[in-house]
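The chain below stands alone and is given as structure tokens, in the form predicted alone.
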Amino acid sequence: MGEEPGGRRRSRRGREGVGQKRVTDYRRLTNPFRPQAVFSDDRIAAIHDTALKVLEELGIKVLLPEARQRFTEAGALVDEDSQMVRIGRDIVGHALKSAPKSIHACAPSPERDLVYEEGALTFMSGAGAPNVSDRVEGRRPASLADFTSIAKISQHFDVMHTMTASVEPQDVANELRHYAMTKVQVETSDKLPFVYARGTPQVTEGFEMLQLAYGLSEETFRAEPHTYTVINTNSPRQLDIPMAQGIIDFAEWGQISIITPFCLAGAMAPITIAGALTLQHAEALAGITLAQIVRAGAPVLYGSFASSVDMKSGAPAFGTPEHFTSALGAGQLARHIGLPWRGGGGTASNAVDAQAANETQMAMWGAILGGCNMLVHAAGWIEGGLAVSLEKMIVDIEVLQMVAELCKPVPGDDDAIGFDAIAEVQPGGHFFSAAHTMSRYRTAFYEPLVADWSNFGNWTAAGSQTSPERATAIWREIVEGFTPPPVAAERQGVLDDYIARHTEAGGAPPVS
């Protein structure tokens, strides 16, 4: 091959590549990794069997009278004096047969629809935190403005698949908070919205607002899931009033409940991983069973959030080997009963530092390698859930985008194998200007969000900024320059009259 012809060909292909721009699509991911196991199949069966024994012989305390009545009607043994409910394995087995193995969730924009089933992988931000932190205003009680900022960041990145209750807007009264949070989601995002399970009045109003915002009849809304919630049991072996009521409400309306015990080994659960998973499994099965008793086929996700504690202080620990291992075991149990499942990320670190990065990634990889379908607290979660950090959210999203890149098929056709490229470059040469490179260089590799790949000299000359410092500039630019997607832009103010009328009537206090 002559040098001049080769040069002309490379120049021509280089010009062809000038207009190319790397396009990503992280909206629907398929986990590329084979699920890993921590227990043998017979031990998973033993954990499942023991969890059934716990429900049959020991039972679970259910504080809501209506939930106890539902269990009674299904054949469970209920002691009203102690509020203990003993659920036969036949009742649980019947419930597991009716629980859907695949759930299609309808987002405001159809291209944002999600399917929760084996192999699917979705991410969402940290959730439920009372505080927020950033490098601009420091750590503080979260406000509605903070909730809005996080919603805008979540909407901006395709790798964030749903909206969620990221932080509690503490400048809005409890009886009015669900109005404000729903309005933000409707006017900011075209992704699957979240509704808190805090009593029937708030849940019903949340559903009514979504129907109004998106022009859905009640029949259409009930026919398929259009929102979701998280149900947490009170480990060990207790289901409180708002959570039991939430299971009933969401099941009756055909909306998604993520039944998630929060079992910290050595504190609210046995100190062994197997023991903690047994308790978690029993509590999750109780919630799943209640949902199916209310409505056979009600969409539910098997939830897992088991980790350990610091046995010196009792403080929760996350991203530990125990957290990682528990996730693998939870995935095995979810597959054993055939349901999609939710894993949890996070860190106990109080700063956006190496500990935060290490623990968050350990937790994330435990869930991903365990085969989770929804990873909650995937970005921003810090201080063991007491805060969401905007800088950490950006740093975590960088990692999630790299994981999303791993979900794409890797080309292995003859052109990708590149014999002609190898033949073109002489021994001791380089591939920077090879035709194979010039036709691909603009789109071949992942482009970093917050990482800085410059050398030390250039990095120093640019101000020696660390990742959190660069992340501040990124989230501020997103929030300040945010433009809502068309679905949300069309719905500005659509809920204002509804909210004004219900606010004047006093709102809807949460049930406790």
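Just count from 1 along the sequence shown to find any residue number. Bear in mind that the values here come from a model prediction, so they are computed numbers and not experimental data.
This next part talks about the form predicted in complex with a further copy of the same chain, which is not shown.
- Site annotation in the predicted complex: the residue of 362, 216, 96, 144 reaching within 4.5 Å of a further copy of the same chain with a heavy atom is 362.
- Proximity to a further copy of the same chain in the predicted complex, defined as a heavy atom within 4.5 Å, holds among 337, 273, 375, 105 only for 273.
- Taken together, the three residues 324, 369 and 444 all come within 4.5 Å of a further copy of the same chain in the predicted complex, as judged by their closest heavy atom.
- Per the 4.5 Å heavy atom criterion, a further copy of the same chain in the predicted complex is contacted by stretch 344 to 352, the sole one of 250 to 258, 344 to 352, 222 to 230, 184 to 192.
- When a further copy of the same chain is considered in the predicted complex, residue 152 lies well away from it, no heavy atom lying within 4.5 Å.
- At the 4.5 Å threshold, heavy atoms of residue 101 stay clear of a further copy of the same chain in the predicted complex, well away from it.
- Of the heavy atoms in residue 316, some are within 4.5 Å of a further copy of the same chain in the predicted complex.
- a further copy of the same chain in the predicted complex comes within 4.5 Å of no heavy atom belonging to residue 81.
- Within 4.5 angstroms of a further copy of the same chain in the predicted complex, the stretch 425 to 448 places a non-hydrogen atom from each of 425, 426, 427, 428, 429, 430, 431, 432, 436, 437, 440, 441, 444, 445, 446, 447, taken in sequence order.
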